[in-house]
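Okay, so here's just one chain, in structure tokens, the form predicted alone.
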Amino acid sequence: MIQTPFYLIDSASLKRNMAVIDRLREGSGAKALLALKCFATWPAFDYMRDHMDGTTSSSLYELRLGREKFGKETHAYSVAWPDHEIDEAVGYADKIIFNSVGQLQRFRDRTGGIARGLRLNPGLSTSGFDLADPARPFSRLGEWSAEKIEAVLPDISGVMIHYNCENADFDLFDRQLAEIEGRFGAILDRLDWVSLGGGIHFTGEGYPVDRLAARLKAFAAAHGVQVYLEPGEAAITRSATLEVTVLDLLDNGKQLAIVDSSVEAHMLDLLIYRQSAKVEPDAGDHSYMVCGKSCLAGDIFGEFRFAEPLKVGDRLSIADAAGYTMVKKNWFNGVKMPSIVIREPDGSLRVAREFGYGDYASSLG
């Protein structure tokens, strides 16, 4: 038996998401790049590579990982490239996307051998949380001015526009894309490619995938561009669980179950965005607050219901644990980092990576 905690990636669930991506690519002509900032667990890439066109990155290390472990088309983006990284980045990338006109001009002469792009900030987004809103006041993410972008059009062949965040509303996507076309159409018409970023929840239940495909196809035809999407969560939604074990039970006014994992160390986004984890089916007569084992008072996965009373040694599965987890896991409190396990198509479990004390110690000196 594999020792908890571990992230369990289900290849069959990945295949389900990849089938939707195949359908969208075929119907729209858009290309799909895996957003490594969300999911970069490369032992799972073999189940994704045949269904996606490459990767997009936010740093030199993500870029290199995409080139070496995924292959195919590789887009390089960074909020700011330093001098000492730019030449190496060009060596890995098919396209390099600059965050500002200043960076584009600074590195123009050193990036002439690959396609160049610029991040366009449309001044709108679907995010309801200020921390993640790329169009928040004074945002540093991209250029807002059409005039500034038009002035450097000879130096770029495309733009990246990332403004969606877990957007499951196609009609909202459609309206906002039309607004972008109205404001920046003269720019779009002079480009070869446009990335519409990630954050479109098209693998969610009931999402109108065919309507999205038709809209992307029409956008590409209207402006004469190759469209790219950068799915992160959409590629891996509901494809993994965090497997944990109950270590202790307390009653301090509520029934508490302490598990061998940590929200802060292993599912950090839950703390950042003040969200509860998901435990399924979350039904029954017995309610528990499931808590992490770190010393942080707020290290709490959430409150859930179970059919039977929990016991020390019970195994729990925290659902939807692929996105922004493994890329953010950390060694807070020295809590054991979860292993990475793949459930293969035949149902067998393969341990892709275990972490031990040596990994903890080497991360600190």
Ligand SMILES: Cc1ncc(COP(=O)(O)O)c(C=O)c1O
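Residue indices: 1-based, along the sequence shown. On a predicted model such as this, the values are computed, not experimentally measured, just so you know.
Not on display, but discussed next: the form predicted together with this ligand.
Student: Just to confirm the contact call: exactly one of 122-130, 291-299, 151-159, 197-205 touches this ligand in the predicted bound form at a 4.5 Å heavy atom cutoff, so which is it?
Tutor: Looking at the partner contacts, the answer comes out as 197-205.
Student: Just to be sure I understand the contacts: of Leu63, Ile318, Ala32, Ala35, which is the one whose heavy atoms reach within 4.5 angstroms of this ligand in the predicted bound form?
Tutor: Selected option: Ala35.
Student: Identify which of Phe306, Phe70, Tyr324, Tyr47 has a heavy atom within 4.5 Å of this ligand in the predicted bound form; exactly one of them does.
Tutor: Exactly one listed residue reaches within 4.5 Å, namely Tyr324.
Student: Is Glu230 close to this ligand in the predicted bound form, meaning a heavy atom pair under 4.5 Å apart or at it?
Tutor: Although this ligand is absent here, Glu230 would touch it in the predicted bound form, with heavy atoms inside 4.5 Å.
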